[in-house]
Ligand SMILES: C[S@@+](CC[C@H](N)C(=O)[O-])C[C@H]1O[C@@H](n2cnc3c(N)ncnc32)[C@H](O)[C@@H]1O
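Below you will find one chain, with nothing else, as structure tokens; this is the form predicted alone, and questions on how it binds or moves follow later.
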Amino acid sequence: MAIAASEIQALFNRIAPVYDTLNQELSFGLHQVWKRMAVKWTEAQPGETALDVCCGSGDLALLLAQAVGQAGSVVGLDFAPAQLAIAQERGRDRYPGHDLTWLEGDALALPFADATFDCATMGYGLRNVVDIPQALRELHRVLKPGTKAAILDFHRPLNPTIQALQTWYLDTIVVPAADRLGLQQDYAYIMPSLERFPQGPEQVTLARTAGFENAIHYPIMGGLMGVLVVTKD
């Protein structure tokens, strides 16, 4: 059964204080590598205007800030104010001279005019929205023609052996780690969300239906992770 948007929002507000620590611990630091890969795929350039949808605590947005430089600008949007507060503090501390804006908003109804952004990212957000096609349509709408977005997320691998490894990892490492912080029920949602999440080829089809004629899905780590790279023609 799908979780309601309000429940997802409450979940990400609750886990905000430990979100970065758990990401670092549970990915063995690899999440930073994956995020840098995603930003590279956007082909963000100095001076451009960039968007990070479902920005959470700001990792991808801050990597975009590096890419576009002080001549560019970055907007990080999320529906969890507790995550945004952390992102804003991190941005102020690390990039005081950059044009960074943090907005509370809905990925299904982005508060921007058509063709506003030169590039975009979304990290661990598409799996959690309640309407994936609508999220992709909104992303397409706000991008300028000829620009790219990179969508990073966990996936359910196609290979049964890697699936079994993923299940073991979630059951024996992720959920107990969350339990130590009193967040076992919050992190137990990950497996059901993975089972509902479209596989890479399905994501490509959804992206093309949303208007992205050019869409490629890149599996990472045997399909445990993936990046959907889309281009607005």
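This one's a predicted model, so the numbers in the text were calculated from it and none came from an experiment. Numbering starts at 1 and follows the sequence shown.
Same protein, other form: the form predicted together with the ligand, not shown, and the subject of what follows.
**Student:** Taking the partner as it appears in the predicted bound form, which of 140-148, 155-163, 112-120, 73-81 has residues with heavy atoms within 4.5 Å of the ligand?
**Tutor:** Result for this chain: 73-81.
**Student:** Can you pick the one in 55, 207, 38, 65 that has a heavy atom within 4.5 Å of the ligand in the predicted bound form?
**Tutor:** Among 55, 207, 38, 65, a heavy atom within 4.5 Å of the ligand in the predicted bound form occurs only for 55.
**Student:** Give a yes or no for residue 106: in the predicted bound form, does one of its heavy atoms lie within 4.5 Å of a heavy atom belonging to the ligand?
**Tutor:** Yes, residue 106 sits close enough to the ligand in the predicted bound form that at least one of its heavy atoms falls within 4.5 Å.
**Student:** In the predicted bound form, does residue 100 come within 4.5 Å of the ligand, counting heavy atoms only?
**Tutor:** Contact with the ligand, no.
**Student:** Should residue 86 be classed as touching the ligand in the predicted bound form when contacts are defined as heavy atoms within 4.5 Å?
**Tutor:** Heavy-atom contact with the ligand at 4.5 Å: absent for residue 86.
**Student:** Given that the partner is absent here, does residue 229 sit within 4.5 Å of the ligand in the predicted bound form, heavy atoms only?
**Tutor:** It does not: once the ligand is placed as it appears in the predicted bound form, residue 229 has no heavy atom within 4.5 Å of it.
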